[in-house]
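Form predicted on its own, single chain, as structure tokens, below.
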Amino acid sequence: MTAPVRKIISQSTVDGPGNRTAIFLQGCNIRCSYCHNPETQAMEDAEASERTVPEVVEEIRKSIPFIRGITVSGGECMLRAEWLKELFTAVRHLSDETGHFLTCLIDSNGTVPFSSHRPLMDVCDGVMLDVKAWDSVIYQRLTQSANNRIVKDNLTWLLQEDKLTEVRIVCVPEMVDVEVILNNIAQIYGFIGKSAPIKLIRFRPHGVIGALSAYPVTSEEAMNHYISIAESLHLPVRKG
């Protein structure tokens, strides 16, 4: 079994907690207006290479013991759920072999139901879930997709299963309903009685193509405003 790997960053401090090897798969099922790596959107690309799990594991080996684990992103890596399961299983065996436990995380747009992939979730330590928008109309405009309901269902399910490592929100004033997202997450956290960290990500146009390529960087004032709202809702929050 293979998956199209666009790139592997041997050591990254921005793809989950700690220093991690980040694996980016080719292919995405949505088209975010603010996507900073649009080259991974196409399902096929000459720059991506089909890689087996053993080949990728050999790349991961090179960074042990300098990493806490791996993060698989994209594109949308959940489109390759079976390959992910095989990779995470191999990494767990690798951890036993080296005596250095590595965690396995998924960075996902949330449009694939995690509850339908229980074997994968059994070997996955957690998911960093991107919540693009709460309002379905805003979500459709941002992503050219109508899968908003699945993202919300995934948020609740992952939280209940203790598999939600982080919620990620890209803050684009007048484009993303950040305050609505925060208020709804607070209600879910309160109802379930569990929480996960929320990372508010400042929009930057680096790598963005299309209309938002000229959109300004989110101001410090706006970011502080979103932080204050999150804190007033007693949400565990940080800026990114």
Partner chain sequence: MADIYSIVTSQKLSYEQKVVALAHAAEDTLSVLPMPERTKFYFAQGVICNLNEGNAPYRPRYIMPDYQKAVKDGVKFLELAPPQDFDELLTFLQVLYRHVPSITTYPVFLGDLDKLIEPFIVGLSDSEVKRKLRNFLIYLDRTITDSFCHANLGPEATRAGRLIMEVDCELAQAVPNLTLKYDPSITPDAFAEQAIYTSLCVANPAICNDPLNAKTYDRYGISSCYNILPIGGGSYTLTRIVLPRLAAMTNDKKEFLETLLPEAMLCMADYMSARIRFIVEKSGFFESHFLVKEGFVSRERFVAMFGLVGLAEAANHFAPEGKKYGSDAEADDIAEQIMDAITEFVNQYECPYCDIANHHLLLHAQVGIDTDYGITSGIRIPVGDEPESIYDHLRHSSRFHRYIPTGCSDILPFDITGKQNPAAVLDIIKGAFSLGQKYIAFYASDSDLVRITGYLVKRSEIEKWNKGETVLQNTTQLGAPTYASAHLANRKVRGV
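Numbering follows the first chain given and starts at 1. Bear in mind the structure is a predicted one, so any value in this text is a computation, not a measurement.
Another form, the form predicted in complex with the partner chain, is not on view; read the next lines as being about it.
For Lys62, a non-hydrogen atom is located within 4.5 Å of the partner chain in the predicted bound form, even though that partner is not displayed. Taking non-hydrogen atoms only, Phe66 approaches the partner chain to within 4.5 angstroms in the predicted bound form. Although the partner is absent here, Pro216 is not a contact residue: none of its heavy atoms lies within 4.5 angstroms of the partner chain in the predicted bound form. In the predicted bound form, Ser10 approaches the partner chain with a heavy atom inside 4.5 Å.
Residues of 15 to 44 placing a heavy atom within 4.5 Å of the partner chain in the predicted bound form, in sequence order: Gly16, Gly18, Asn19.
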